[in-house]
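Below, in structure tokens: the form predicted on its own, a single chain.
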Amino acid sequence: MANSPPATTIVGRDDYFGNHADFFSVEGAHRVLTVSSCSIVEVSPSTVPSAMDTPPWESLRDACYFGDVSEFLFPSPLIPNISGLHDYACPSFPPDRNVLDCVMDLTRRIHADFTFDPAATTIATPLEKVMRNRRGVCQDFAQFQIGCLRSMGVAARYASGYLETVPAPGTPKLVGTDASHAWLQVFVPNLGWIDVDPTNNLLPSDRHIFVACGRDFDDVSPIRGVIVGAGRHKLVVAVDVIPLETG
């Protein structure tokens, strides 16, 4: 990570969820603050289990309740246990159905029922409004599905990272058009965390670059802080995911 003007203090640490975080302070007067982060990552295709290899969803409630993942069964600041989550989820969870089948059926329904609309929500939009209007962005869809899963006793957590966007054939890729992305992870005993992307109706593979996880977006905000001073300010974000030549 680098920033301009230079930081007076930089301290790195791992947070409660195991995500790496850097704290920095800029103590001099400045009109523009630029924070740049550049990483070289190697992403391997995920091994997606067969739905038949996952247990019935009812068995997860007892298996997870007393384990290390139990905190992901309960409401969190941005994913409260609002009325309607359980009712929406129920049709995807008939008795004795394998949990991955349940999860993917719920994913398909959210993808079909909700409209991607960047103008419909902000990071402060309540989950109840997202459910009522059925419009939003990846953050909203991920948090809605997490709420549905928790209402059924299935442990789920919020995943944050990046997604490489692929331009249409014959169209050049524009700089800065990639974006941060949100999806979720479902815990299945003996298999671990399985990634699920309701925005794109798929189980992520090597185009999803995982960065951090938590109970909801509030745990994994890419940058947060306090600005002391007068006047207006605005935030501008640009992301590029660039495949490197191998060989």
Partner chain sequence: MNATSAPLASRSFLDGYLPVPAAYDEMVASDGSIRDSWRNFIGSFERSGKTELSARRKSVNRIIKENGVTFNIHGDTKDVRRSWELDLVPFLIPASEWKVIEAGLIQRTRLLNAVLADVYGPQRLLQEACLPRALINANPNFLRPCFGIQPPNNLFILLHAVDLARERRVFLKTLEGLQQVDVIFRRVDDAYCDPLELRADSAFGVPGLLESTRAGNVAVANAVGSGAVQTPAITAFLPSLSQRLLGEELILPSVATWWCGQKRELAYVRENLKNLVIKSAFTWVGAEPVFGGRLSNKERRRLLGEIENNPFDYVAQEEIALSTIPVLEPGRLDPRPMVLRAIVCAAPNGYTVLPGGLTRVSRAKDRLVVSIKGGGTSKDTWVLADGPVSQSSLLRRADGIVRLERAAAEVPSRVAENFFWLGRYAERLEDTVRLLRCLMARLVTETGAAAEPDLESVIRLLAHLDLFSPKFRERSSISGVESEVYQLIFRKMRLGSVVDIAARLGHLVFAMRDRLSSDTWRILRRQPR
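Positions refer to the first chain, counted from 1. For clarity, every value in this text was computed on a predicted model and none was experimentally measured.
There is also a form predicted together with its partner chain; it is not shown, and the following applies to it.
Of the candidate stretches 204-212, 45-53, 23-31, 187-195, only 23-31 contains residues with a heavy atom within 4.5 Å of its partner chain in the predicted bound form. Taking the partner from elsewhere, every residue among 9, 74 and 224 has a non-hydrogen atom within 4.5 angstroms of its partner chain in the predicted bound form. Taking the partner from elsewhere, residue 200 is found to have every heavy atom lying beyond 4.5 Å of its partner chain in the predicted bound form. Contact between residue 233 and its partner chain in the predicted bound form is not found at the 4.5 Å heavy atom cutoff. Its partner chain in the predicted bound form comes within 4.5 Å of a heavy atom belonging to residue 70.
In the predicted bound form, at least one heavy atom of residue 81 sits within 4.5 Å of its partner chain.
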